[in-house]
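A lone chain, given as structure tokens: the form predicted alone.
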């Protein structure tokens, strides 16, 4: 497995780029890259020989910190530290819904694999809200419980701040990463907390489940402690800890073939990790500032053998790589 640099866009936004995801292809359009920036905009990009900007979408009054694409490829959502989530059509930029999340900023969001629910991490509200995508009504609020051993009198409210969310491949479970380093796993249908996954001692910035058919219980986490953890999310077991980044690990994503993960870090690098070797096989240094997001294009966009990886950074740029 290998990442090959294809192209970069300098000054892709007017400020730091903190979020990226791929919008699935539709019958009449190829897949697009969606990016969100502290310049308060969301931008869409088409890949041909390089990245070409398709549209700039506005609507937030503070920086955009997370973006998510619906499995249909028709709609997407952006979250901002202005405490609002904007849901919009990808091709027309029509606002479908505006989800209010006071009194807490929204940090990360993700549609479930079926496209029926949008999970929104509520930051300092210490909860994740589940929104029905048919009528955009609030279905449930999942409150992050206090880890065992912490007394109610402890001044740890800020430690429960929710930073990251990830859906299991079947949509049954939702994992949430918090400021205190714990990961909470929920049964979504019952809106029930199941257990914590422990091992990190600093904020968990990013989570993703494995894409390998036989490893659907496997969860990857990225943390400010510089570690990438591999968990059996149902067995509550830490399988492995991957070391190598020199600073915070801000983002993690799983390759479409399930054989690798990519990470972005405040050490300004993107790393490709071989999951069999449990080691980084490539270190890419295209960015000049911390890398906030990495995202593999899902299957179906670029053929069977080659897939795209995008990375975004505080340097305002986007880099694109071929994964093969």
Partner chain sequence: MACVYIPVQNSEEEVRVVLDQLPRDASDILDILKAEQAPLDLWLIIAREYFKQGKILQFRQILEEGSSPEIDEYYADVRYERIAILNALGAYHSYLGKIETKQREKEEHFIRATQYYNKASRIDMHEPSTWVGKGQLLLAKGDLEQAFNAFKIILDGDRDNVPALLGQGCVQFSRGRYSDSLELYKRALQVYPQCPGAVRLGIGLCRYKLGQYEKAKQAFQRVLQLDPENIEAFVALGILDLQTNESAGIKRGMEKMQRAFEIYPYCAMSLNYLANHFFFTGQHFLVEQLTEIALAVTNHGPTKSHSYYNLARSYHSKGDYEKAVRYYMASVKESNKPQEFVLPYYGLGQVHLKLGDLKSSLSNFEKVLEVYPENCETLKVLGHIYVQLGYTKKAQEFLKKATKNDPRDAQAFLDLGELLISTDAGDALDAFKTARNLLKKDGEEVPIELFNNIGVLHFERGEFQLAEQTFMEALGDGIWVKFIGSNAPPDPNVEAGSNPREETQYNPINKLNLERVIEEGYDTMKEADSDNMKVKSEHVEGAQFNHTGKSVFRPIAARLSILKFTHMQVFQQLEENGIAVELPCDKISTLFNLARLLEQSHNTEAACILYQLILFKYPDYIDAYLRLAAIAKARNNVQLSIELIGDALKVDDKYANALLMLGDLELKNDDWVKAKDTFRAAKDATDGKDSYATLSLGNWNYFAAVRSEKRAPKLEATHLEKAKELYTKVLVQHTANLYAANGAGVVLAEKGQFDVSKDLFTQVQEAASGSVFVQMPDVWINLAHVHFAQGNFALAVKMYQNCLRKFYYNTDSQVLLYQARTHYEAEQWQDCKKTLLRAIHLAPSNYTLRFDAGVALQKFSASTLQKTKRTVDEVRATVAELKNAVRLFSLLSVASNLHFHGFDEKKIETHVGYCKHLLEAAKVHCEAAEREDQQNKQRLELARKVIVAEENRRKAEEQRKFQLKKRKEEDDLRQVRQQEEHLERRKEQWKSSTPGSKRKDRPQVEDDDGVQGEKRRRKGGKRRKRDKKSRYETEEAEADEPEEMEDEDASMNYRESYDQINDQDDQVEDNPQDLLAAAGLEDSDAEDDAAVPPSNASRRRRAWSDSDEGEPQQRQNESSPVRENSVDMQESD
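Computed from a predicted model, the values in this text were never measured in an experiment. Positions refer to the first chain, counted from 1.
As for the form predicted together with the partner chain, it is not shown, yet the points below apply to it.
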{"item": "Residue contact check: residue 75 to the partner chain in the model of the complex, 4.5 Å heavy atom", "value": "no"}
{"item": "Contact label in the model of the complex: residue 239 to the partner chain, heavy atom within 4.5 Å", "value": "yes"}
{"item": "Contact label in the model of the complex: residue 196 to the partner chain, heavy atom within 4.5 Å", "value": "no"}
{"item": "Touches the partner chain in the model of the complex: residue 86 (any heavy atom, 4.5 Å)", "value": "no"}
{"item": "Contact test, all of 225, 258 and 276, partner the partner chain in the model of the complex, heavy atom 4.5 Å", "value": "yes"}
{"item": "Sole residue of 280, 44, 68, 51 within 4.5 Å of the partner chain in the model of the complex, by heavy atom", "value": "280"}
{"item": "Residues within stretch 15-40 having a non-hydrogen atom within 4.5 Å of the partner chain in the model of the complex", "value": "15, 16, 18, 38, 40"}
